[in-house]
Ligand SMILES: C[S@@+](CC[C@H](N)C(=O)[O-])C[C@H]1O[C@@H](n2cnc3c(N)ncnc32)[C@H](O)[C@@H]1O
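Consider the single chain below, provided in structure tokens and representing the form predicted alone.
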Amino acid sequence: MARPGIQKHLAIAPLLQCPICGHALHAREASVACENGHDFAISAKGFLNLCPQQAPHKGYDEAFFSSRQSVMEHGYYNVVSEGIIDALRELPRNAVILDAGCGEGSYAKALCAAMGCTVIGFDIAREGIRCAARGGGPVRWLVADLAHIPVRPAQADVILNVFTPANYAEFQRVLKPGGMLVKVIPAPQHMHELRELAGSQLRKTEFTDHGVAEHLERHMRIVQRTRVTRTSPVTPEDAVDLARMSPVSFGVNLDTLDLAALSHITVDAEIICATF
């Protein structure tokens, strides 16, 4: 039998489709392949790359995802994970959850540990998936494109989409009838301490959600909205990681920030559950 990191990805081949031609993928000895000969090897690092020609994303490098992983491991975003798990309490153990735009994989891992479901995390940033796959575990990891999700139609019970773009046409295609989207968006107090610290370096210091919830409502029926908020004390080491991993800081010269003044940070989010 193949090693666990390979075997767990072979096991989900029946859910997958070729990202090139759209045909079904089938398990081989250490890869998945379609009838047209498109073959994708499962990495020894513990993930499956279904977007092999993807160029690196500027800013989303190993340092970014390492900082994000450290922040998540230190519990600053636990209030979000807890809210997501609470929203999915009634989900059966045989459910399939896709974490679309999973980054370093913290939410996928938390869901899998709490619920025992089949969880597949995917992101177009290979460095994020490499980070997520470290240490093994039951979650399956894919490098994949949100615009062409390599999953066959009507396979997912839930799509998780946390602080990341959505593709509602693709979500509708891969969700089972009656399946649910759990989308998490920032709320007004999210990271306000960091925004205030960056001050004039930001084009806009005030909060804006860019109409994400309204856009979602044009595509889906919202069945539940929950706001979760927690303010936590920040260690000096975590202040650096928080600044590195937050989109608030993109384009900001971190060397000019007095990160020693970042004594607390607020995570403020809205968890929206919706169906088509």
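All residue numbers refer to positions in the sequence shown, first residue = 1. Every value quoted in this text rests on a predicted model; they were computed, and no experiment measured them.
There is another form of the same protein, the form predicted together with the named molecule; it is not shown, and what comes next is about it.
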Contact label in the predicted complex: Gly121 to the named molecule, heavy atom within 4.5 Å: no
Can Asp145 be called a contact residue for the named molecule in the predicted complex at 4.5 Å between heavy atoms? yes
Using a 4.5 Å heavy atom cut-off, state whether Gly101 contacts the named molecule in the predicted complex. yes
Partner contact for Thr164 in the predicted complex: the named molecule, 4.5 angstroms, heavy atom: yes
Of 103-111, 132-140, 175-183, 188-196, which is the one stretch near the named molecule in the predicted complex, taking non-hydrogen atoms within 4.5 angstroms as near? 103-111
Would you kindly say which of Lys45, His57, His215, His38 lies with a heavy atom within 4.5 Å of the named molecule in the predicted complex? His57
With the named molecule left out of view, which of Pro236, Pro247, Gly211, Pro233 would have a heavy atom within 4.5 Å of it in the predicted complex? Pro247
Within 64-80, the residues that have a heavy atom no more than 4.5 Å from the named molecule in the predicted complex: Phe64, Phe65, Arg68
